[in-house]
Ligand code: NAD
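Okay, so here's just one chain, in C-alpha coordinates, the form predicted on its own.
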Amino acid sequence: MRRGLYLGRFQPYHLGHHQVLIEIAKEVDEIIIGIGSAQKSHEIENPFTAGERVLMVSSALEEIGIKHYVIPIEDIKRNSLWVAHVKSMVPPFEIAYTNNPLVIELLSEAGIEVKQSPLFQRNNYSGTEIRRRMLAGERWEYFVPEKVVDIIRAVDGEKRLAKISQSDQV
(Lines give C-alpha, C1' and ligand atoms only; values in the text may rest on other atoms or scores of the structure.)
Protein backbone atom coordinates (compact mmCIF):
# COMPACT_ATOMS: atom_id res chain seq x y z
CA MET A 1 0.00 0.00 0.00
CA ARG A 2 1.51 3.31 -1.10
CA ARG A 3 -0.11 6.55 0.06
CA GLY A 4 0.67 10.01 -1.31
CA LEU A 5 0.01 13.51 0.04
CA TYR A 6 -1.14 16.36 -2.20
CA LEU A 7 -1.43 19.81 -0.67
CA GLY A 8 -3.31 22.87 -1.89
CA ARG A 9 -5.67 25.64 -0.88
CA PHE A 10 -8.30 24.65 -3.49
CA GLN A 11 -9.88 28.12 -3.69
CA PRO A 12 -11.72 26.65 -5.60
CA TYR A 13 -10.89 23.08 -6.61
CA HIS A 14 -10.49 23.16 -10.41
CA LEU A 15 -9.79 20.92 -13.39
CA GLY A 16 -6.02 21.47 -13.05
CA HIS A 17 -6.16 19.94 -9.55
CA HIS A 18 -8.42 17.22 -10.90
CA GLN A 19 -5.98 16.24 -13.65
CA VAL A 20 -3.03 16.26 -11.23
CA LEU A 21 -4.88 13.90 -8.89
CA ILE A 22 -5.75 11.58 -11.77
CA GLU A 23 -2.01 11.40 -12.58
CA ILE A 24 -1.00 10.90 -8.93
CA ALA A 25 -3.56 8.08 -8.63
CA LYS A 26 -1.53 6.15 -11.23
CA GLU A 27 1.45 6.14 -8.83
CA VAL A 28 -0.16 5.52 -5.42
CA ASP A 29 -2.97 3.42 -3.96
CA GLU A 30 -4.50 6.22 -1.87
CA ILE A 31 -4.22 10.00 -1.91
CA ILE A 32 -4.41 12.30 1.08
CA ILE A 33 -5.52 15.75 0.01
CA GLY A 34 -4.43 18.37 2.52
CA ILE A 35 -6.64 21.46 2.45
CA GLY A 36 -4.08 24.14 3.27
CA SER A 37 -4.85 27.39 5.08
CA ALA A 38 -7.96 25.69 6.43
CA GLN A 39 -8.61 28.52 8.87
CA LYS A 40 -9.02 31.05 6.06
CA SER A 41 -12.32 31.93 4.38
CA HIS A 42 -14.37 34.91 3.32
CA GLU A 43 -11.31 36.65 1.82
CA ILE A 44 -10.74 37.56 -1.83
CA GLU A 45 -7.92 35.01 -2.15
CA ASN A 46 -9.66 32.50 0.15
CA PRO A 47 -13.42 32.86 -0.30
CA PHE A 48 -14.44 29.30 0.57
CA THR A 49 -14.46 27.62 3.98
CA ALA A 50 -12.48 24.47 4.73
CA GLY A 51 -15.74 22.52 4.85
CA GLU A 52 -16.80 23.81 1.44
CA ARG A 53 -13.40 22.91 -0.01
CA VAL A 54 -13.55 19.42 1.53
CA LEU A 55 -16.94 18.96 -0.12
CA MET A 56 -15.62 20.22 -3.48
CA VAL A 57 -12.65 17.85 -3.51
CA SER A 58 -14.53 14.82 -2.15
CA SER A 59 -17.47 15.23 -4.54
CA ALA A 60 -15.22 15.58 -7.58
CA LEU A 61 -13.02 12.59 -6.66
CA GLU A 62 -15.89 10.28 -5.76
CA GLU A 63 -17.18 10.68 -9.32
CA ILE A 64 -13.98 9.21 -10.74
CA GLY A 65 -13.37 6.59 -8.05
CA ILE A 66 -10.05 7.71 -6.58
CA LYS A 67 -9.43 6.35 -3.05
CA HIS A 68 -8.79 9.45 -0.98
CA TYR A 69 -8.89 11.27 2.34
CA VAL A 70 -9.49 15.02 2.53
CA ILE A 71 -8.05 16.67 5.63
CA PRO A 72 -8.14 20.37 6.52
CA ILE A 73 -4.76 21.66 7.72
CA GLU A 74 -4.52 25.03 9.43
CA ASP A 75 -1.46 27.25 9.07
CA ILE A 76 0.78 27.33 12.14
CA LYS A 77 3.22 30.10 11.09
CA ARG A 78 6.23 28.10 12.33
CA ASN A 79 8.01 26.56 9.37
CA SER A 80 10.38 24.50 11.51
CA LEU A 81 7.35 22.72 13.05
CA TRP A 82 5.14 22.59 9.97
CA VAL A 83 6.01 19.06 8.77
CA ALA A 84 5.38 17.60 12.23
CA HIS A 85 2.07 19.47 12.31
CA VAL A 86 1.02 18.06 8.92
CA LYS A 87 2.10 14.53 9.87
CA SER A 88 0.04 14.77 13.06
CA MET A 89 -3.07 15.67 11.05
CA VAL A 90 -2.98 13.10 8.24
CA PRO A 91 -2.61 9.33 7.82
CA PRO A 92 0.96 8.08 7.21
CA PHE A 93 2.25 8.70 3.68
CA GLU A 94 5.31 7.73 1.67
CA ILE A 95 5.50 10.53 -0.89
CA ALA A 96 4.30 14.11 -1.19
CA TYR A 97 3.35 16.03 -4.34
CA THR A 98 3.72 19.80 -4.49
CA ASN A 99 5.21 22.62 -6.55
CA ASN A 100 5.57 25.05 -3.66
CA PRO A 101 9.34 25.68 -3.16
CA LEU A 102 9.04 26.22 0.61
CA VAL A 103 6.96 23.06 1.07
CA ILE A 104 9.42 21.08 -1.07
CA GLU A 105 12.28 22.29 1.13
CA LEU A 106 10.51 21.60 4.43
CA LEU A 107 9.41 18.10 3.41
CA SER A 108 12.82 17.26 1.93
CA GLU A 109 14.60 18.41 5.12
CA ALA A 110 12.32 16.02 7.03
CA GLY A 111 13.43 13.13 4.81
CA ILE A 112 10.15 12.83 2.91
CA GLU A 113 10.23 11.97 -0.77
CA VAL A 114 8.79 14.88 -2.77
CA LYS A 115 7.74 14.88 -6.38
CA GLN A 116 6.67 17.98 -8.25
CA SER A 117 3.19 17.65 -9.68
CA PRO A 118 2.53 18.44 -13.34
CA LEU A 119 0.75 21.68 -14.16
CA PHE A 120 -2.16 21.62 -16.62
CA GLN A 121 -3.08 24.74 -18.60
CA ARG A 122 -1.94 26.88 -15.65
CA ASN A 123 -3.20 30.13 -17.23
CA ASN A 124 -6.78 28.88 -17.19
CA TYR A 125 -6.72 26.35 -14.38
CA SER A 126 -5.79 28.54 -11.45
CA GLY A 127 -7.84 29.66 -8.49
CA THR A 128 -6.71 33.24 -9.12
CA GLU A 129 -8.06 33.18 -12.68
CA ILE A 130 -11.32 31.50 -11.67
CA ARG A 131 -11.92 34.03 -8.87
CA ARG A 132 -11.10 36.87 -11.30
CA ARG A 133 -13.66 35.51 -13.74
CA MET A 134 -16.28 35.23 -11.00
CA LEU A 135 -15.72 38.85 -9.99
CA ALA A 136 -15.79 40.04 -13.61
CA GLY A 137 -19.03 38.18 -14.35
CA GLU A 138 -17.24 35.98 -16.90
CA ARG A 139 -17.76 32.25 -17.47
CA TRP A 140 -15.81 30.27 -14.88
CA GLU A 141 -17.85 27.07 -14.82
CA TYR A 142 -15.80 25.41 -17.58
CA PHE A 143 -12.70 25.40 -15.38
CA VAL A 144 -14.06 23.34 -12.47
CA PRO A 145 -15.73 19.91 -12.26
CA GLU A 146 -19.54 20.00 -12.50
CA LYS A 147 -19.95 18.96 -8.84
CA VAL A 148 -17.83 21.97 -7.82
CA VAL A 149 -20.07 24.29 -9.85
CA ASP A 150 -23.04 22.90 -7.91
CA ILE A 151 -21.33 23.48 -4.55
CA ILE A 152 -20.24 27.04 -5.39
CA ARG A 153 -23.77 27.85 -6.49
CA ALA A 154 -25.27 26.20 -3.39
CA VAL A 155 -23.18 28.42 -1.08
CA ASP A 156 -23.74 31.46 -3.32
CA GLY A 157 -19.98 31.71 -3.82
CA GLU A 158 -20.11 34.31 -6.57
CA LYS A 159 -22.20 36.64 -4.42
CA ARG A 160 -19.92 36.06 -1.42
CA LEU A 161 -16.84 36.87 -3.47
CA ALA A 162 -18.46 40.02 -4.85
CA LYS A 163 -19.43 41.20 -1.35
CA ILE A 164 -16.05 40.58 0.25
CA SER A 165 -14.26 42.32 -2.61
CA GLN A 166 -16.15 45.57 -2.01
CA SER A 167 -14.41 48.44 -0.30
CA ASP A 168 -15.81 50.13 2.77
CA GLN A 169 -14.67 53.48 1.35
CA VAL A 170 -17.46 55.86 0.39
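Treat the numbers as computed from the prediction; the structure is a model and nothing was measured. From 1 onward, residues are counted along the sequence shown.
Form predicted in complex with this ligand: not shown, discussed below.
Q: Given this ligand in the predicted complex, answer whether the residues 9, 14 and 119 all have a heavy atom inside 4.5 Å of it.
A: Yes: each residue has a heavy atom within 4.5 Å of the partner.
Q: May I ask you to check whether residue 82 falls inside a 4.5 Å heavy atom distance of this ligand in the predicted complex?
A: Within the cut-off, so yes.
Q: Can you tell me if residue 102 lies within 4.5 angstroms of this ligand in the predicted complex, counting non-hydrogen atoms only?
A: Yes, residue 102 lies within 4.5 Å of this ligand in the predicted complex.
Q: Are any of the heavy atoms in residue 75 no more than 4.5 Å from a heavy atom of this ligand in the predicted complex?
A: Contact check for residue 75: yes, within 4.5 Å of this ligand in the predicted complex.
Q: Please determine whether residue 151 contacts this ligand in the predicted complex, using a 4.5 Å cut-off between heavy atoms.
A: Residue 151: no contact with this ligand in the predicted complex.
Q: Can you work out which of 28, 32, 106, 54 has a heavy atom no more than 4.5 Å from this ligand in the predicted complex?
A: Exactly one residue meets the criterion: 106.
Q: Using the arrangement in the predicted complex, list in sequence order the residues of 37 to 53 with any heavy atom within 4.5 angstroms of this ligand.
A: The one in contact is 37.
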